[in-house]
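Next up: just one chain, as structure tokens, the form predicted alone.
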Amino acid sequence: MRRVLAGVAVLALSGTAAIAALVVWPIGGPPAEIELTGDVQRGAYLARASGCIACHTNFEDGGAPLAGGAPLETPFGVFYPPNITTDPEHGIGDWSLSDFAMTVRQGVSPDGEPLFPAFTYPFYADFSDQDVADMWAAFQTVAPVTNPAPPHDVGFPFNQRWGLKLWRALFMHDPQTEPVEGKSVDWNRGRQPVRGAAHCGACHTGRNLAGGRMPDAVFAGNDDLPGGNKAPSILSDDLADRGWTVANLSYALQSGVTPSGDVFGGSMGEVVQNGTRFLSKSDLKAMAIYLLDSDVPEGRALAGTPSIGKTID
């Protein structure tokens, strides 16, 4: 019995030590100083493309832009998108550009804490310094709102942020937005928003019990979205089988109208209403080209592909 008790004590101490190590384990790191001048118009465009307005604005309750979004109900609890206006107390008004860059690209708060992956930061990891500077410039034009967003309603153990460090180690993947050799300029241009800013994979990829996206199910659809929504497969063959073409897919992303004359509903309707309808025709066409031919071959990254929003028409 003494040996059993001693073994239990050793396991308990080991577990406690492991948790203590995780708590103090640093993640992320301050980015190099960004000294670029931001373009407000392009930053606003990227914010739309990235879902910032859609997520951080509670349209149903008449909330102010970016003052905090509608609750997101998940199996782990209810998440409330925070106020990201320029209010220094309840928003991001006391942040620096470096704080903003670390939050957007690394999912780490200014005080070094990991953010819940309800925030789609893994898709923004490849944002360039210019992308970040442009978005920061746009956010500086947002009027402050003094109301705080509600705190997350997440129970134990999912409310323990040290556990997110393990989650990141297991489930954070490169967004793979880099251009691929042998593909057209439009294909590579579309790859950027589909796999990055527009984060299509956040909804259209299945997840495991821990909420991590399954690498072998990218774009294969997800029948278990928050709020009871479903996202169909957007694999190129499946899209083609359902009658999608570059022309009608790019039009649907702009208008919300499908080839059958129906309209997108649920979460996809919100994506169009608050996001993709603001994108340029050239970016929407590029996204459709990529989605209808998204079986990515192995290849080295290329330089020189136009970035999303470079041509706003």
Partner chain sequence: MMSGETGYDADTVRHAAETIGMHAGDAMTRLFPDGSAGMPSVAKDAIWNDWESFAGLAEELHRYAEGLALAADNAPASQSDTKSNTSAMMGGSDMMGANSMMGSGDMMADDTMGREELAEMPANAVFAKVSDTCSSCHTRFRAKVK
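Residue numbers count along the first chain shown, from 1. Note that the structure is predicted; figures quoted are calculated from it, not measured.
As for the form predicted together with the partner chain, it is not shown, yet the points below apply to it.
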* Structure fact -> For the partner chain in the predicted bound form, the stretch among 161-169, 108-116, 205-213, 135-143 with residues bearing a heavy atom within 4.5 Å is 135-143
* Hey, in the predicted bound form, does Gly265 get a heavy atom within 4.5 angstroms of the partner chain? -> yes
* Asked: Would Glu60 count as a contact of the partner chain in the predicted bound form, using a 4.5 angstroms cut-off between non-hydrogen atoms?
  -> yes
* Would you check, heavy atoms only and a 4.5 Å threshold, whether Lys230 touches the partner chain in the predicted bound form? => yes
* **Non-hydrogen atom contact Ala70 with the partner chain in the predicted bound form at 4.5 angstroms** => no
* To do: Taking only heavy atoms into account, state which residues of 35-70 are within 4.5 Å of the partner chain in the predicted bound form, ordered by sequence.
  => Val40, Gln41, Ala44, Tyr45, Ala47, Arg48, Ile53, Thr57, Phe59, Glu60, Gly63, Pro65, Leu66
